[in-house]
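In structure tokens, the next block holds one chain alone, the form predicted alone.
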């Protein structure tokens, strides 16, 4: 019998907690280790090389904890580091392990979200500049017109626990108004950052009712379930005791508040060093 270990979930801060929450809803039987690199967040403005370096450090930390499957619950890391880790690093570290991202599950189902084939992407500077969403969506749905909008201030607002403040309305409205002015035909907006669901009330406030707002958590959870059905050998490597472990590189009050806000279970957070 193969030894089993927790599933690793990584984000640059605590945005990935929104993905973990959906994983716990759909696949609560598994053990999970969450790692947030809050000390170096946000990743959005950083270069490809720096994001790769930081993400690989996080992946190796989770591997050291035994994880055989790691989910990059961070769009910037998925856009700027995932392919290099999968193609260059993993074969040298351990080719039997898997690192999965959040972009592919969303893009391969993008056709479901838009009726008139006009889709909007709201993301960080890094995700938008990488072009990952338009490139991947075109592979599956070449007829879909994709418009992107970088929202660089949104992650810092969330990380500083300002996502419900009145001042946040200005920045949310400005970016939604702008993307809809570029393409008024958009009928679906994808939140291409796992922090953004924490702004969902503000986003829906300034988004016309006929436009769907798509969060990634449920899509990623379903994708992982499907992945395990296709790869039962990987599923066997994931322990199933219903345990959750929370770790951050900076034990801030904001991280503690956010975990308690999102989860109705006792939370113990450990500060760790990736260096």
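Residue numbers count along the first chain shown, from 1. No experiment lies behind these values; they were computed from the predicted model shown.
There is another form of this protein, the form predicted in complex with a small molecule, and it is not shown here; the text below is about that form.
A.B. asks: Report yes if any heavy atom of residue 155 sits within 4.5 Å of a heavy atom of the small molecule in the predicted bound form; otherwise report no.
C.D. replies: Because a heavy atom of residue 155 falls inside 4.5 Å of the small molecule in the predicted bound form, the answer is yes.
A.B. asks: Taking any heavy atom pair closer than or equal to 4.5 Å as contact, tell me whether residue 124 reaches the small molecule in the predicted bound form.
C.D. replies: Judged by the heavy-atom cut-off of 4.5 Å, residue 124 is in contact with the small molecule in the predicted bound form.
A.B. asks: Is it the case that residue 195, even though its partner is missing from this view, gets within 4.5 Å of the small molecule in the predicted bound form, heavy atoms only?
C.D. replies: Yes, residue 195 is a contact residue.
A.B. asks: At 4.5 Å between heavy atoms, only one of the stretches 222-230, 240-248, 43-51, 203-211 reaches the small molecule in the predicted bound form; which one is it?
C.D. replies: In the other structure, the partner sits against 43-51.
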